[in-house]
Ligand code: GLA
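A single chain, nothing else alongside it, follows as structure tokens in the form predicted on its own.
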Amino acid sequence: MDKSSDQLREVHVPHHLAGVFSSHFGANQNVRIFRAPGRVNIIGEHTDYNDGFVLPAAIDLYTWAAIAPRSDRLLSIFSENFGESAEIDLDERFPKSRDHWTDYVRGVAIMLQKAGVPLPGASLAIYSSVPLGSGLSSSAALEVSVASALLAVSGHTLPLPEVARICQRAENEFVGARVGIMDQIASCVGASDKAILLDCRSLNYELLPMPAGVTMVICNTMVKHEHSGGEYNDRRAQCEEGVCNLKKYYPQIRALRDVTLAQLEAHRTDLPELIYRRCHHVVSENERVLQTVVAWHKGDWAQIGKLMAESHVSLKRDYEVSSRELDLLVEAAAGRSGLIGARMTGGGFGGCTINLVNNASVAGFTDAVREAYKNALGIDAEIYVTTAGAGVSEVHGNA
């Protein structure tokens, strides 16, 4: 089934979540509700933690957090998705990650306090329509919605890029996943019907109008992945090794973002083959992002499709983060009527593909891809027909 609408339609979530909050914490007139979106990355994979360029969009799937202050120093949390309650002591002296969904909440609270935000205790009810472990940044959506809610009850505000930095630190330093900044920035500054060209070094960004007549179709392999797993962190370490080696010849470089393909090729034999391939993906992917933006402004969708295809091949061969399931979904999309481009999206090892599809062809495209994937693997792919959504916001009333 296509999930352009979740089991709970987004418009009804505030009323529903307010009821969930009341049933677990009692009626409270001071409840405030925040939502933050997941994201899909159109192109620019594994470039963000290399200070590079990315082209994501927030999506119209969200994590929602209902919050009210408490008189003690506890965060009392209920997750509707997990059907679990938990408590976090804000005064715990030596907090440790527990390999549990609450680590993201705990990490955000810790980093806010380290940033000088005096947090009060609070009750939190959380619900998410972002599929977990799908590569659509369910973790960033949780972090950003919770950070915004906690800031609200503390009476403090922070610029959105700083909120994103705090959420990234929560994931890097507490959860243990060395993610870049793309997911959190997209969740913070996303805008309806806009893609985001982001410079991950400066955090400068440009909102690019999504083309009229084109839909983002996200196909979920139903294979979950975990960013805190070793493979993701290994890739980041391999990139850092490449920078360390290349600094011998180009002392001015700070990250792979500063390396050109010509420089990389000039010292190919000075790098271990594996490190060269990892660097080659990142350096070439940065160029593909910038080329995609040029094509975007020109309306050259054939070139964008070509660049998306090249990105997937690079992720498969050089960076080795694709999977059989992701490759099958990309292959199932290839050549379909109305397809502009298809590639894996997110960290890899499972998760989703992103497909840009002409509006008139969406129904036929989704049917054909679903059938091909089912025939190949016996798995029912979930398909999300989505638009670029708004970034984090407080939600009032029933909208």
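Please read these numbers as outputs of a predicted model, since none were measured by experiment. Quick note: we count residues from 1 along the sequence shown, nothing fancier.
Quick note: we don't show the form predicted together with ligand GLA, though the next part is all about it.
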Even though ligand GLA is not shown here, does I126 get within 4.5 Å of it in the predicted complex, heavy atoms only? no
Is F349 close to ligand GLA in the predicted complex, meaning a heavy atom pair under 4.5 Å apart or at it? no
If you check in the predicted complex, is P131 within 4.5 Å of ligand GLA, heavy atoms only? no
At the 4.5 Å heavy atom threshold, is Y232 in contact with ligand GLA in the predicted complex? yes
Interface stretch in the predicted complex with ligand GLA - options 151-159, 175-183, 300-308, 104-112, non-hydrogen atom within 4.5 Å: 175-183
Can you name the residues of 361-386 that have a non-hydrogen atom within 4.5 angstroms of ligand GLA in the predicted complex? none
